[in-house]
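Here we start with a single chain on its own, the form predicted on its own, put down as structure tokens.
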């Protein structure tokens, strides 16, 4: 099944919403070229930086030459690919736009690449537009001096909801308003993340309340995966997992599902072997309560998997959220409400919480009584949970 983010990617100028100011700036830049030779679009992931350039190029009937800065291992390979594109006119289109995507990723591979881009800007016969998730990072100072920087804002919740409702209507699917609100709120303006989460929930066939407050953790895990899978193994890897609140069990799911995107053959076998050893230590931790083994689990999942590769992996890899993670969220949300209700009832009737949870179906009619709910001081979400069961 095709990804909704691709199916419903904006194709015309009127499809772009919530970025009117940025759209006007880009149009002005292209109209006044070569007054300014390069533009830097800055904004968090999922706000539509790349799509905006692609749509404008399409509306102008201009050729778009697109590269991802992370794909180049050094400045020589960047020069070899980019310089000819800056000199040669399009064979079939009236004009040409050079798009350098994810420019903040190039410094992680080769710092000389940033200087090389600045040099190439001066040589270019065509407008250059670069994108960055954080253009104000110190390492991008040379680019900011050579480029005009335009900030794209996060998509407003009201706009995001309208777009999602349109997509759901086209897909003949429905989503509970409160669930849509949670998904939109947790994504904080990342339209791509909102569409992905909505599609995931609809595919699971679940319309329960889902705890969707994991977006910060996801942002962290993407950076962690990039370091483990693509960069040289060193001691700094040992503290990587301290940068996210995500438990090791969930990190393991992310690693397991994304290893094949980057590793091949012997590397793949080594990485999975080390992940399996980490899982053995996890079993010993839970079975025998040997919490000191957690350090070995951590080492194998971070440094061990990083060291399994034969060389640093330059390039852009689209890491994905494991489907099992969303299923875990669904399950945890259900259990969380059930447990909180059971604890409140347990305190009133002086029976253990574990016993209440075991007999939950038996006492459910009692718990649905409004008087009992008021006595237990159940909140709206707990009452809603009871009404669905």
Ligand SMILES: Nc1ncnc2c1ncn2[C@@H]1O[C@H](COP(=O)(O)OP(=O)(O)OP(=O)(O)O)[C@@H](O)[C@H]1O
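Residue numbers count along the first chain shown, from 1. If you're wondering where the values come from, they're calculated on a predicted model, not measured in any experiment.
Not pictured, yet referred to below: the form predicted in complex with the named molecule.
Participant: Which residue, 155, 99, 180, 120, has a heavy atom that falls within 4.5 Å of the named molecule in the model of the complex?
Facilitator: Of the listed residues, the single hit is 155.
Participant: Looking at 133, 90, 202, 307, which is the one with a non-hydrogen atom within 4.5 Å of the named molecule in the model of the complex?
Facilitator: For this set of options, the contacting one is 133.
Participant: Verify the flagged residues 32, 129 and 148 against the named molecule in the model of the complex: is each one within 4.5 Å by a non-hydrogen atom?
Facilitator: Negative, none of the three is within 4.5 Å.
Participant: Verify the contact flag for residue 25: yes if a non-hydrogen atom of it lies within 4.5 Å of a non-hydrogen atom of the named molecule in the model of the complex, no if not.
Facilitator: Outside the cut-off, so no.
Participant: Check residue 341 for me: does it contact the named molecule in the model of the complex (non-hydrogen atoms, 4.5 angstroms)?
Facilitator: No - in the model of the complex, heavy atoms of residue 341 and the named molecule never come within 4.5 Å of each other.
Participant: Does the named molecule come within 4.5 Å of any heavy atom of residue 322 in the model of the complex?
Facilitator: Judged by the heavy-atom cut-off of 4.5 Å, residue 322 is well away from the named molecule in the model of the complex.
Participant: Using a 4.5 angstroms cut-off on non-hydrogen atoms, would residue 16 count as touching the named molecule in the model of the complex?
Facilitator: Flag for residue 16 set to yes.
Participant: Spot the stretch among 268-276, 91-99, 186-194, 294-302 with residues whose non-hydrogen atoms come within 4.5 Å of the named molecule in the model of the complex.
Facilitator: Looking at the partner contacts, the answer comes out as 186-194.
Participant: Under the 4.5 Å heavy atom criterion, name the residues of 37-54 that approach the named molecule in the model of the complex, in sequence order.
Facilitator: Counting only heavy atoms within 4.5 Å of the named molecule in the model of the complex, the contacting residues of 37-54 are 44, 45, 46, 47, 48, 49, 50, 51.
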